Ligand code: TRP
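One chain is shown next in structure tokens, namely the form predicted alone.
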């Protein structure tokens, strides 16, 4: 029995993944790569919707994204890496799908309102972002799409477009199911982990990691180390649960924290050590990848893009046939 196909991607808009991205997507890719046929694309065109002024940096950032994925445990022998821009059939399907959705539907999407509130220009490309995302998914006949809660509405649009196309012509587009990824809270206790909330990144030094951990938000009602503290919802303990592999230590810290028998300093110092244990093998693997050079990544992309184009061409051939093109 053939494996179900999973499609996921990343905008090439940052300098590095953070450990928030590990919890929010990378960990899931590692866990799924044996059970699914995983297609992972670098969304260079999606990046342009909000970052076109830095278009000349996208190529470099794609290399960074793929190197980091491999260093955390995504296996290039098990997944297909490719660049969105190299799958030309994606953009043919995108044009057809754009005829099936109204502007009012697109203008209601929550992420568009968020981007506008951040000062982004409401360009044609930004408004149509969900349609291009739908094409990325449908061109590969994805069965499963892992997304964060902020992208959930986009997958619903994808499903609606696939169902509408299939009802108008014939059932040739696979209607995908979503897989919701968790979100890691920011170090400041607000929103999700990232640059604006003081996220920890894979390219941070040990000194930078320690500085960030020691400044983390904790229980604001706890004035002294002898005051009983709250564990539930406390960012420091949320990070302990995700990154501290010493479960007995975590249990002990929680019990003592709730009884006012341990200070924030000790809790944070042990979290720092736990995160360093998590990061060190990743740093070592990253150094090995850097020694292989950028050509290693380009070879992976070339192989992956050949495979991805095979799937995309088959999908588009079916689309052309049912539309009598």
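Residue numbers count along the first chain shown, from 1. In this text the structure is predicted, and so the values were computed from the model without any measurement.
Just so you know, the form predicted together with the named molecule exists too; it's not on screen, but the next bit is about it.
K.L.:
In the predicted complex, do 21, 61 and 201 all reach within 4.5 Å of the named molecule through at least one heavy atom apiece?
P.N.:
The answer is no: none of the three residues contacts the partner (heavy atom, 4.5 Å cut-off).
K.L.:
Select, from the options 37 to 45, 263 to 271, 295 to 303, 66 to 74, the stretch whose residues sit within 4.5 angstroms of the named molecule in the predicted complex by heavy atom distance.
P.N.:
After filtering at 4.5 Å, what remains is 37 to 45.
K.L.:
Flag residue 147 as yes or no: does it have a non-hydrogen atom within 4.5 angstroms of any non-hydrogen atom of the named molecule in the predicted complex?
P.N.:
Within the cut-off, so yes.
K.L.:
Spell out, yes or no, whether the shortest heavy atom distance between residue 139 and the named molecule in the predicted complex is within 4.5 Å.
P.N.:
Answer no; every heavy atom of residue 139 is more than 4.5 Å from the named molecule in the predicted complex.
K.L.:
Although the named molecule is absent from this view, report whether residue 7 comes within 4.5 Å of it in the predicted complex, heavy atoms only.
P.N.:
Residue 7 belongs to the contact set for the named molecule.
K.L.:
Do residue 244 and the named molecule share at least one heavy atom pair within 4.5 Å in the predicted complex?
P.N.:
Result no; residue 244 lies far from the named molecule in the predicted complex.
K.L.:
Just one of 151, 218, 109, 143 has a heavy atom within 4.5 Å of the named molecule in the predicted complex. Which one?
P.N.:
Checking each option against the named molecule in the predicted complex, the one that comes within 4.5 Å is 151.
K.L.:
Identify which of 97, 87, 133, 253 has a heavy atom within 4.5 Å of the named molecule in the predicted complex; exactly one of them does.
P.N.:
Contact residue from the list: 133.
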